[in-house]
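Just one chain follows, in the form predicted on its own, and it is written as structure tokens.
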């Protein structure tokens, strides 16, 4: 099974989850996703997802000046983003539970 196809379907949810407890800038979010086990996620995918989530009103953004390079654009969950995280998280948990049931080996009757 191609994990990149699965990732496309859940990247929005993964980004929202990464931002649940701590704001982050693009590369930081990418690093946190990879550290969580999503090694295949690409830079362009994360930046595109951040733009889409922001444009859909699920994230706020702010710029933090940097002494060592360009300013960093940070993203933060807003109330709409938190509601979407909760709603999409429930959908994902239900789907994952169904898949676990389907894949579980059943004893022969």
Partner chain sequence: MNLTAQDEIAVYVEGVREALAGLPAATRDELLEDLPEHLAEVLAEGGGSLHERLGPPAAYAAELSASAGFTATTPPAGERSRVAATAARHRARIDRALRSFDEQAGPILGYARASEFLALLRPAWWVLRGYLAAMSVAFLLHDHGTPLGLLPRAGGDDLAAILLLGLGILGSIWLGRRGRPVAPWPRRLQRLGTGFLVLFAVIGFFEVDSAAQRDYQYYDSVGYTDERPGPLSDVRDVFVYDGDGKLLVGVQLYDQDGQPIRVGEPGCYDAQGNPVPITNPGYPYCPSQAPFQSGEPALSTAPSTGPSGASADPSPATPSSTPTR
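Computed from a predicted model, the values in this text were never measured in an experiment. Positions refer to the first chain, counted from 1.
Unshown form predicted in complex with its partner chain; subsequent notes refer to it.
When contacts are defined as a non-hydrogen atom within 4.5 Å, all of 42, 52 and 75 contact its partner chain in the predicted complex. Its partner chain is not shown here, and in the predicted complex it never comes within 4.5 Å of any heavy atom of residue 37.
Residue contact with its partner chain in the predicted complex: residue 57 places no heavy atom within 4.5 Å of it. In the predicted complex, its partner chain sits beyond 4.5 Å of every heavy atom of residue 62. Although the partner is absent here, residue 25 is a contact residue: one of its heavy atoms lies within 4.5 angstroms of its partner chain in the predicted complex.
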